[in-house]
Ligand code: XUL
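Have a look below at one chain only, the form predicted alone, in structure tokens format.
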């Protein structure tokens, strides 16, 4: 029992969330927005530099400056940082940080009289860091896949096909376009391992959760895969530290933070992980079969798996869970709130009217179906926007409202099959999770209870829970996450037998319609 800090280094901000496991409560939360504090000094917009041609970078020195400001702010708010027993964190996935041969010494000899920014400005072999938004590496993706024997071979090795956003293709591009700077690089880390290194005062390795988002890690063995490294860049193994087990401390916090902010000398630092794997923990998904669905701008379905199953059709990504035992499956649908709002606006409805339309129409919608590709879709692969109506009158507002929700729910069931998960419950977050009628459709399509989980920062919470478990490894994961991951009281929606039967008959029809009108 004690106090534990989770830090989330995201695209637009760095956040800290402090939990008290004895009280079972979040006791402090603070966020430093990059644009608000560093727009003038770094020139970032929405936390990044958009350079054209799909190239999007950020500033790792800015992240260090923001870390100082975050801890200063928490301390100024009255948080006794000396009571924190362990720290873990999450970082925006896939972003890469490149350090030169002065980095290890600089991190190990920090003076509390100077800021991180003033002491670390010279440690970078590359001043900026490509992040997950960067889509400029299509050529490198093809080269890496070819280098390991093809797309399926890379999928088998690493759990994922080559993604432009992933770290390996970014490293290969750096080697090709800046060979001298690549040669002068002594350490390549991810956003997560870089921030962990700042706190530990030494270079820290990438954990399996974030390592599985690089196209370079053996997903089953949770170690770097030499064949993938060779296909990425020459001499790469010499620039990477071994994969760091997620639950094992890398040591005590750097003396810099003890002297500057009053941390205990016994405060432990655990390897940081990616934001998606940390969210898995923050939502309490530590048992295979548990699934979470985020109904936001895009809809994201992620699940806890017992084995690293892969999607040969490229429908999702697979990451190692930071719990050290399981795996995470993630599928993203671009047409989430975008599509729901498009239907609402088309018929001049407010959200109350939208809900009333759902209440007024029967499960199955009398056979009326919609393919709601109001924008190009990720899953299934739909490169151009188009909407298809099947036995559905475009003038019927109520039927079209139900059609969009049923389409999204049916699609989520169809494209979750590759996960090999027997879905027993779904936690739902995001803006649309407040609508019980929408959740009712999902409960009936998936034939399982739906629980609304109210959280604004599941990645930081997951990081804090990882810190707690790392400090108390004898506790089960269920004991660790349980007090912090309960659904909103009274929010659970159970499936209805008649509606379940209606959707069981409809899912095949929907799948055929989808296959007819997509590239799958």
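Residue numbers count along the first chain shown, from 1. Treat the numbers as computed from the prediction; the structure is a model and nothing was measured.
We do not show the form predicted together with D-xylulose (XUL), though everything after this point is about it.
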**Complete:** Which of 368-376, 190-198, 381-389, 269-277 lies within 4.5 Å of D-xylulose (XUL) in the predicted complex, heavy atoms considered? The stretch 269-277
**Request:** Could you spot which one of 427, 124, 132, 256 gets a heavy atom to within 4.5 Å of D-xylulose (XUL) in the predicted complex?
**Result:** 132
**Complete:** Among 170, 93, 185, 158, just one has a heavy atom within 4.5 Å of D-xylulose (XUL) in the predicted complex, namely 93
**Message:** Check residue 175 for me: does it contact D-xylulose (XUL) in the predicted complex (non-hydrogen atoms, 4.5 angstroms)?
**Reply:** no
**Prompt:** Could you tell me if residue 344 has a non-hydrogen atom within 4.5 Å of D-xylulose (XUL) in the predicted complex?
**Reply:** no
**residue 327 within 4.5 Å of D-xylulose (XUL) in the predicted complex, heavy atoms** = no
**Asked** Taking the shortest heavy atom distance, is residue 165 within 4.5 Å of D-xylulose (XUL) in the predicted complex?
**Response** yes
**Prompt:** So which residues in 10-35, when you check D-xylulose (XUL) in the predicted complex, have a heavy atom no farther than 4.5 Å from it?
**Reply:** 11
